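Just one chain is shown here, as structure tokens, and it is the form predicted alone.
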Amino acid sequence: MALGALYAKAAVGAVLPGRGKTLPDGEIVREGVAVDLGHLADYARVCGFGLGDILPPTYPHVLAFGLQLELMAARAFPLPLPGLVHVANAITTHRAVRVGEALDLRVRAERFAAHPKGAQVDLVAAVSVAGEPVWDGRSTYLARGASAPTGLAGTLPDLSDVDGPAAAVWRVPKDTGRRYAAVSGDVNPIHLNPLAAKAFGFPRAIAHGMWTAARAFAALQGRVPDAARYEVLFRRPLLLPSTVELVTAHPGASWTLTVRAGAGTTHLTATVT
């Protein structure tokens, strides 16, 4: 099913009774996935990566996203898909993943827990090549106003801001949400339409968190080893259009990153180790 159709199905299901109370068991699997070179080039262009024979570390996320969406759109999933907000992400690359490799993808849900503003859940993706783990991703989503099983409290990474001068300034145009949706399949209307965004409490459309995360990581391309861990906390929605700064620090073998609109207005904090 096309991802737009999954969103439509989920929107209808969100207002019907009978939603599940616990996370579905099992996982969704897709084997032998080949990277489409045109799609990869489009992704690289939107996110600021240079092209090569190694996948950007954030790219497998878009390959797995359709499986995440399939899981979250199901009636058995306890949280409504419309309005879910991506609040944190962690990616581990075990080695370089090359363009021509056949990828096996697996996605499951776990850590359904309470959050001060509602309920959160993790969608966990794993990528392997011929049985060898090469990439893992964990996406944490928040459903505002929802409830989770009593006694379970979710946690988010504690990532501090980087202070200092800007390493880069980005002018993020109004169509960034539509351009990233075209390559990621994430057609959540809060990223595409200001009226839809207002319905969920945002003054205008917001950038995808994973676009911001990818754009920040692209600034480090060529300076991070093939095996690395990228942890991201999405602090505040990035409204479209905007002008933001990237601030970086490089203590020892790690990197810390902040994307900010100015002093006191942080959109993203991250570490690369």
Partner chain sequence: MAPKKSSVRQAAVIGGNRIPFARANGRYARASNLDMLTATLDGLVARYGLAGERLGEVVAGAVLKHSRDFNLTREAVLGSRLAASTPAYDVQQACGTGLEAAIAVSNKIKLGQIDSGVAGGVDTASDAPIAVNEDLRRILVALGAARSAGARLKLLGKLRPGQIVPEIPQNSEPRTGLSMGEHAAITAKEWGVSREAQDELAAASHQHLAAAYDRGFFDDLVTPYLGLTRDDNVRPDSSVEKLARLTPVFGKGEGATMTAGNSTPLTDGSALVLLGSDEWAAEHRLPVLAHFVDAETAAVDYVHGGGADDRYGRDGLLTAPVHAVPRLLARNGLTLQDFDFYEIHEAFASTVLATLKAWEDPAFSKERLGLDTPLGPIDRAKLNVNGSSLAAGHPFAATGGRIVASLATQLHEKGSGRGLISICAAGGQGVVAILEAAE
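Model, not experiment: these values are computed from the prediction. Numbering follows the first chain given and starts at 1.
Below: the form predicted in complex with the partner chain, not depicted.
At the 4.5 Å threshold, heavy atoms of Gly26 stay clear of the partner chain in the predicted complex, well away from it.
With a 4.5 Å cutoff on heavy atoms, Asp42 counts as touching the partner chain in the predicted complex. The shortest heavy atom separation between Val224 and the partner chain in the predicted complex is within 4.5 Å.
Residue contact with the partner chain in the predicted complex: Ala34 places no heavy atom within 4.5 Å of it.
Note that among 46 to 54, 65 to 73, 235 to 243, 203 to 211, the stretch whose heavy atoms approach the partner chain to within 4.5 Å in the predicted complex is 46 to 54.
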